[in-house]
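Given as structure tokens, the chain that follows is alone and in the form predicted alone.
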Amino acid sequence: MADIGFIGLGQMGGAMSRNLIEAGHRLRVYDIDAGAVAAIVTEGAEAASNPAEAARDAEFVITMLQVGSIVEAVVFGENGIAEVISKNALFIDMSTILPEETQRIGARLAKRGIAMIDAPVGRTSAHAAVGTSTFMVGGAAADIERAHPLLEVLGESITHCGPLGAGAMVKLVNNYISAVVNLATAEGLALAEAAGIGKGIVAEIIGQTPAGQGHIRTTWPSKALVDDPTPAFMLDLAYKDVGLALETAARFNVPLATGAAGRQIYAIARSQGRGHDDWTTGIFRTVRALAGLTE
């Protein structure tokens, strides 16, 4: 069993700390919220008065914090982790921060001979509580292998995404897609409600289509992900359907901000001759071209 310093005991961090203790690991914990620390101490952890005390003599130091500036302060600030962490220890940051922040922290630690991986967490605190989180991990393969026994306690999926910072990048993309789909879902259900259609009926239907099941598991694997433009559903039709929704929404005074912006990209795709392409491949090719990525 490992000696672990754990810093950041919010909903996610608190749940993970409990799971590590239950698995037999020894934890010294710190959070600015004394109540959060006290709650984990009742579970069997030892309290630390600052980040350095949590990290002292630990084999692994884990941070689960809100923003990159806080992570940097916890690592390099007064009474920070870097003052005491052993060169044989592994620093694991599970926070959702910018990839460049992760890389900057890692580079500064590397100058001190300290290894770091980033392992931001997918799913919610409810999954963390029962140990079914997903981890998007960046760093050296050997360091990630060292962390595997801990990550396996905390989650059911561990994906090595690339070098340090790659985990943060994948988490950023994942959360971006999730947040925007969340907004589009809210817009769509509000439109249905404004038109007198029950939310439950709409939810039942979209749960049977890519709108609810997710494109990455339904429409994209056989088309956009393999760059096949042969249409299962034409981009022209998607453009038309978004237009119909916008026209209807205007009559009911329902804002469809994501649809309005999205239709402009579909219009660009059509202007580039992709109207008869599959809607997934055509739109992906268009966005990649706008981003200056090679066709």
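Please read these numbers as outputs of a predicted model, since none were measured by experiment. Quick note: we count residues from 1 along the sequence shown, nothing fancier.
We do not show the form predicted in complex with a small molecule, though everything after this point is about it.
- Contact with the small molecule in the model of the complex, defined as a heavy atom within 4.5 Å, is made by all three of Asp31, Val74 and Ser125.
- Only one of the listed residues (Ile62, Ile40, Leu65, Leu27) places a non-hydrogen atom within 4.5 angstroms of the small molecule in the model of the complex, and that residue is Leu65.
- The candidate stretches are 90 to 98, 177 to 185, 149 to 157, 194 to 202, and the one lying within 4.5 Å of the small molecule in the model of the complex by heavy atoms is 90 to 98.
- When the small molecule is considered in the model of the complex, Leu20 lies well away from it, no heavy atom lying within 4.5 Å.
- Residue contact with the small molecule in the model of the complex: Gln272 places no heavy atom within 4.5 Å of it.
- In the model of the complex, the small molecule stays beyond 4.5 Å of every heavy atom belonging to Ile85.
- Contact annotation for Ala249: none of its heavy atoms lies within 4.5 Å of the small molecule in the model of the complex.
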